[in-house]
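Take a look at this single chain in structure tokens; it is the form predicted alone.
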């Protein structure tokens, strides 16, 4: 059974078995959980349905966060994408709208799938749902790719971090983006090695990303960072599918991410004590939500 301790092992096992990473992981998880592959697949299928529902909720015109700081981004972007496609074209603009919608759903206390965290929940569904709805990709292939994304996420959690409090936003949106890049690559016919390369490229483009939530809430700049993570995932997958590879192996990339996270000051790791959180506007928005803090 796979230990998910390194991406190198994951890729080698799938390559030796002559199958995709998702097929290997599904078989492994079924054995470990003493269940059938169909039962495990159907559980993942339910997660995919939750993602779709999150998009629908987040695209509601009246969607607002509990704090009132954000809301309606998914609706606005969807309307913009539908009207003229925007600078990015209708496909990518639509994917951006879905990522915003899911992140907005989370901020308004809706149901989401943490992929791998709530703060980065819009990236994977924004990518995958767009492939089904805009490109007509078989939803079964989409669901299977979620096993690949999950496997890469498990290795990241074991070898580095997926928590903003320990690694900054590189560990949250960075990991989600890299997971999505691997999943996208598999869906589009990439090899296990290419999935790892896409993962590495996406992660490498987000090293050092800090976690600085305004007012300590998963809204500003978190919601919009889901969008940048999504765009990086698509571009990373496209580069790999074009024949471009990552010079830095995926496991070394994760080791670097852990090293950067350890070196990052606590003020930039989800404490809201630095970055955007302590700008004049960040402080003003904090007071707007919580009022003036009384001194002890």
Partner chain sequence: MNIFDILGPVMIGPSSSHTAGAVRIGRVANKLMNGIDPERVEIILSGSFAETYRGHGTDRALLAGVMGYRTFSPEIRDAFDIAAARHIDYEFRKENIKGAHPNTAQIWFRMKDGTEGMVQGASVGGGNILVNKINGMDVAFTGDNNTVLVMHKDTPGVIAAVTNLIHWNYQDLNIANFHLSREKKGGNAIMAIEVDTVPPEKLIDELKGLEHVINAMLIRRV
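Predicted model only: the values in this text are computed from it and were never measured. Residue numbers count along the first chain shown, from 1.
Another form, the form predicted together with the partner chain, is not on view; read the next lines as being about it.
Visitor: May I ask you to choose, among 11, 25, 285, 277, the residue with a heavy atom within 4.5 Å of the partner chain in the model of the complex?
Guide: Answer to the contact question: 25.
Visitor: Given that the partner chain is left out here, which of 94, 167, 153, 190 has a heavy atom within 4.5 Å of it in the model of the complex?
Guide: Looking at 94, 167, 153, 190 one by one, just 153 meets the 4.5 Å heavy-atom criterion.
Visitor: Quick check: do 130, 201 and 233 each get a heavy atom within 4.5 Å of the partner chain in the model of the complex?
Guide: No, none of 130, 201 and 233 comes within 4.5 Å of the partner chain in the model of the complex.
Visitor: Answer with yes or no whether residue 109 is in contact with the partner chain in the model of the complex, where contact means some heavy atom within 4.5 Å.
Guide: Yes, residue 109 is a contact residue.
Visitor: Do residue 31 and the partner chain share at least one heavy atom pair within 4.5 Å in the model of the complex?
Guide: No, residue 31 sits far enough from the partner chain in the model of the complex that none of its heavy atoms falls within 4.5 Å.
Visitor: So in the model of the complex, does residue 260 come within 4.5 Å of the partner chain, heavy atom to heavy atom?
Guide: So residue 260 does not count as contacting the partner chain.
Visitor: Quick one: does residue 44 come within 4.5 Å of the partner chain in the model of the complex, counting heavy atoms only?
Guide: Contact with the partner chain, yes.
Visitor: Taking 4.5 angstroms as the heavy atom distance cut-off, pick the stretch from 79-87, 192-200, 130-138, 114-122 that is near the partner chain in the model of the complex.
Guide: Looking at the other structure, the answer is 114-122.
Visitor: For the heavy atom contacts within 4.5 Å of the partner chain in the model of the complex, list the residues of 168-204 involved, in sequence order.
Guide: Read in sequence order, the lone residue that approaches the partner chain (within 4.5 Å, in the model of the complex) is 179.
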